[in-house]
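This document opens with one chain alone, in structure tokens, the form predicted on its own.
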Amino acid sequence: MEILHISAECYPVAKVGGLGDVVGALPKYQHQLGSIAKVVIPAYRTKYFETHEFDVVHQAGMWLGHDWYHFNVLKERSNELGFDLYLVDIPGLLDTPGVYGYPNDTERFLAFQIAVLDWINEWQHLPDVIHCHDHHTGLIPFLLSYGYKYTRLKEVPSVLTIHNAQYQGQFGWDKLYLIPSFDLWKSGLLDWGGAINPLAAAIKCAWRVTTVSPGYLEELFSNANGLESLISHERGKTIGILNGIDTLVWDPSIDTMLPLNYDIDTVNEGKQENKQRLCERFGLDSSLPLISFIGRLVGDKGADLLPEIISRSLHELPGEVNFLVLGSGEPHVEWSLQQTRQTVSYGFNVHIGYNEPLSHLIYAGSDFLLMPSRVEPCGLNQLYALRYGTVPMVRSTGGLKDTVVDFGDKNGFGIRFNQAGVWDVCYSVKRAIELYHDTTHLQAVRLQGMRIDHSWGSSAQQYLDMYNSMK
């Protein structure tokens, strides 16, 4: 079986969040299970692009509305990721240092999708499955079915995976002319809420729709940023498959980004050494419990709550706990955290930005990982934390509810709270401090979490089973 994954991100080539981690790992595990898995993403000018060699496998031109663009499809030469990686290079559109956040993002990702389909249309054979990820590739299932240029591809099964339904890629009907010619009687399939909505179109047109956890699928029926009725209507073709993690990248026993490696037998010594290095770097007391946050500083992640959580906890529990934040996002959240750093005299530090090596050190050196998410389709951070013997503190939502059991329950290995609110989180901070000082219980909780297998093996097989069901 040949699967072509189409995405805006793929770790380590280009990553903003969990989408990149998933697309960088799932194909590798599908390949190990005997399938041919390939990935195609835009050719952003990232460090990976600049430091690797590529072969040009396709050259062509394409219309985007009234504008003509030349594009190349590049294949990474070494195959070091464990699958074939292709980059679509469109000078003037996709040759950007970043992934998102440009005024012409609509045009950029439309052009990407058109170029990919034009390229596939030239293949001598056809892939068995085209697997689209999030709204950046959402028009592909529609064009496969109704685009006049792509009638040859009409019978290729398409899958959409929703990584986060809050982002849908909507744009106005005034840009309809950018989309390749199609049966205009089918225009209604593009529409949702009076706009062209790529995510909604993909939900309507894909053969199967998956979410990144069973819990998130259930939540989407009642909370999908306006798509609730559509997802309920398409319920028959939806399935929730829990994300895994790449256990070769996330393994404290071989992680080259750590000062000291450790495993389940040496977790106490290993975590203490990494914690010591981390605390020295950020001016924190390594004898105190360390609660960290890693992620995008946006409302979905509950990051706007962090300044008050940290200030209140340090006021109510002086000299009893440390906090560390790594991330970037909404400017007012970044500013609030930096102001908090200036107003508290101890126990907190923040690093604004994305830093992959530092994130590994934080997972290894922290005692607890805080995730006060309002929305969390799956969440990978809590799985990384468990792998590194760090206790996740999570709100009971989406994939967090699917993957974390409170330590107060039988065989529990985390801390759960119900509301994304300051009071709930501060109460959980007190529970974390109590657990930290109960060293016997803390050790049992750590080991319980480290023993759980969250690798991609089982989930990758579930995807293959779903593909086979479409034949």
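These numbers were taken from a predicted model, which means no experiment stands behind them. Note that residue numbering follows the sequence shown and begins at 1.
From this point on, the text means the form predicted in complex with a small molecule, which you will not see here.
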item: Partner contact for Gly353 in the model of the complex: the small molecule, 4.5 angstroms, heavy atom; value: yes
item: Asn381 within 4.5 Å of the small molecule in the model of the complex, heavy atoms; value: yes
item: Close approach of Val99 to the small molecule in the model of the complex, 4.5 Å, heavy atom; value: no
item: Gly449 within 4.5 Å of the small molecule in the model of the complex, heavy atoms; value: no
item: Option from 266 to 274, 186 to 194, 282 to 290, 326 to 334 whose residues, in the model of the complex, bring a heavy atom within 4.5 Å of the small molecule; value: 326 to 334
item: Answer option from His131, His136, Lys301, Arg395, heavy atom within 4.5 Å of the small molecule in the model of the complex; value: Lys301
item: Listed residue (Val209, Leu361, Ile294, Leu306) with a non-hydrogen atom within 4.5 angstroms of the small molecule in the model of the complex; value: Ile294
